[in-house]
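In structure tokens, one chain follows: the form predicted on its own.
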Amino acid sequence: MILKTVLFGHTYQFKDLKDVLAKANEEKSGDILAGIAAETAEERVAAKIVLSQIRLEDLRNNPVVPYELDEVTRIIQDDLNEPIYNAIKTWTVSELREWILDENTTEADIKKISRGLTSEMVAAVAKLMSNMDLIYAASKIRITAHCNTTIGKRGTLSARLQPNHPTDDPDGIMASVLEGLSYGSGDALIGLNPVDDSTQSVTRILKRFDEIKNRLQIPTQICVLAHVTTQMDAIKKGAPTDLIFQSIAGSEKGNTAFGFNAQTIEEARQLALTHGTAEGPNVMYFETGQGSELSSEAHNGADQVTMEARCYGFAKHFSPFLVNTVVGFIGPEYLYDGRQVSRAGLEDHFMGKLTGVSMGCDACYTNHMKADQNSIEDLAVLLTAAGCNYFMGIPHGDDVMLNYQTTGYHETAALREIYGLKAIQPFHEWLLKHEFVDQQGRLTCKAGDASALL
């Protein structure tokens, strides 16, 4: 490996491949605070030049967290398709980028090659792409998954109905659910972030979700986003659930900080398959977000984009129905402003798709970040052009429980109309039956009238 280059008469020498990956990353406040970012724009360009000439086999042989120390690395490496990897291992990162962006490279071609890529390779190629490159490349790939319905088909855009409530009041939650449904939200999932993480509370909400799903015959999925072990306990005690959720990290240490390991996730998956209420086979839901490993000092000196790519490599092992990056949730310590949030959202979406997971995005921001509603609407428009599977839908885009700003019920409906998209077909037919949308999937005058579902 050549880890140096001359740029404008100055020699830039990088200490190792992890250093190259970090300094080739677009500017992120998290990398800067961690002391691993490029110090100048020139150094960033130099790192990109060096990275462009790195071979894929060098990236496989130098994971950012050593194989013997980390189960996430082991899962990513051991799941690799060896014949496909051997066919491309001498490619440079630049050659991989040009191949993906080539107009003659098909979706099937990319899906096949992705089985021979490690997460470090996925992160590396993302670092050499502009925002438009990330949109164009991601738009070539559709990843579908099936729980009770099938998400990710071309021509569709979905939403997770997120009826969070500051006290988990069942009636308040149901009011948000019914309103969201009437705006066409909820085909991806009806999923609540609970205030009370107890088994009793989670069970109560799941039973209420299951009751309304069955009473109104809604073709969708239900989940309460408690800790994975709490959900497992609820299922064992008879709670109905379609999906099991967990926030994940790109390192074993990060997952330990979240309170689980790979064995826990596999036990949860098997429990959902044998005792859950979904058709399957995809019964897991994961959330990620750049910076989580840095916040728990679990990044092993690696940059946040590379660690995020490793989240998707880990997630893929468990065949999830949904994965989404909560892209601006942590705050300006990791993504400083709207520009960095937009870049991160496009990176994450592309990397998830290239890895092979059903990818959505919580286009969001915290109130102490230099971003606003326009920032996340801009990102949602760009991600829809890139073929994003789903967004969040919460009353007025204002999460009164998690205290952050995200997309509301209207954004997904507007994006569907702008781009000529619809909800997942069985859900679209359900909306038609209740006259909330027309044949083209556009909202009617009945949209927003939750009383129609009482």
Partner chain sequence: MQEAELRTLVEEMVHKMLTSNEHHEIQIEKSVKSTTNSKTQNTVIEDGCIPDISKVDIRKQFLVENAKDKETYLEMKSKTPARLGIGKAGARYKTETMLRVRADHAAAQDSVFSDVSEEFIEKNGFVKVQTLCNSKDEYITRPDKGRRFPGNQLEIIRKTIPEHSKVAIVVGDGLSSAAIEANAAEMIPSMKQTLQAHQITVGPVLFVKYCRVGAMDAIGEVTDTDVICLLVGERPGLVTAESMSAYIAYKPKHGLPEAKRTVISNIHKGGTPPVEAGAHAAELILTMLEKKASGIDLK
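Since the model is a prediction, treat every value here as computed from it, not as a measurement. Residue numbers count along the first chain shown, from 1.
Omitted from view is the form predicted in complex with its partner chain, to which the following refers.
- Taken together, the three residues K236, G276 and S319 all stay farther than 4.5 Å from its partner chain in the predicted complex, as judged by their closest heavy atom.
- Only one segment in the set 409-417, 59-67, 424-432, 46-54 has residues whose heavy atoms sit within 4.5 Å of its partner chain in the predicted complex; it is 409-417.
- Among T366, T105, S94, S296, the residue placing a heavy atom within 4.5 Å of its partner chain in the predicted complex is T366.
- D372 is the sole member of D378, D372, D197, E267 with a non-hydrogen atom lying within 4.5 angstroms of its partner chain in the predicted complex.
- In the predicted complex, its partner chain stays beyond 4.5 Å of every heavy atom belonging to V437.
- At least one heavy atom of Y183 is located within 4.5 Å of its partner chain in the predicted complex.
- In the predicted complex, no heavy atom of K213 sits within 4.5 Å of its partner chain.
- Within 4.5 Å of some heavy atom of its partner chain in the predicted complex lies at least one heavy atom of L178.
- In the predicted complex, its partner chain lies beyond 4.5 angstroms of every heavy atom of every residue of 277-310.
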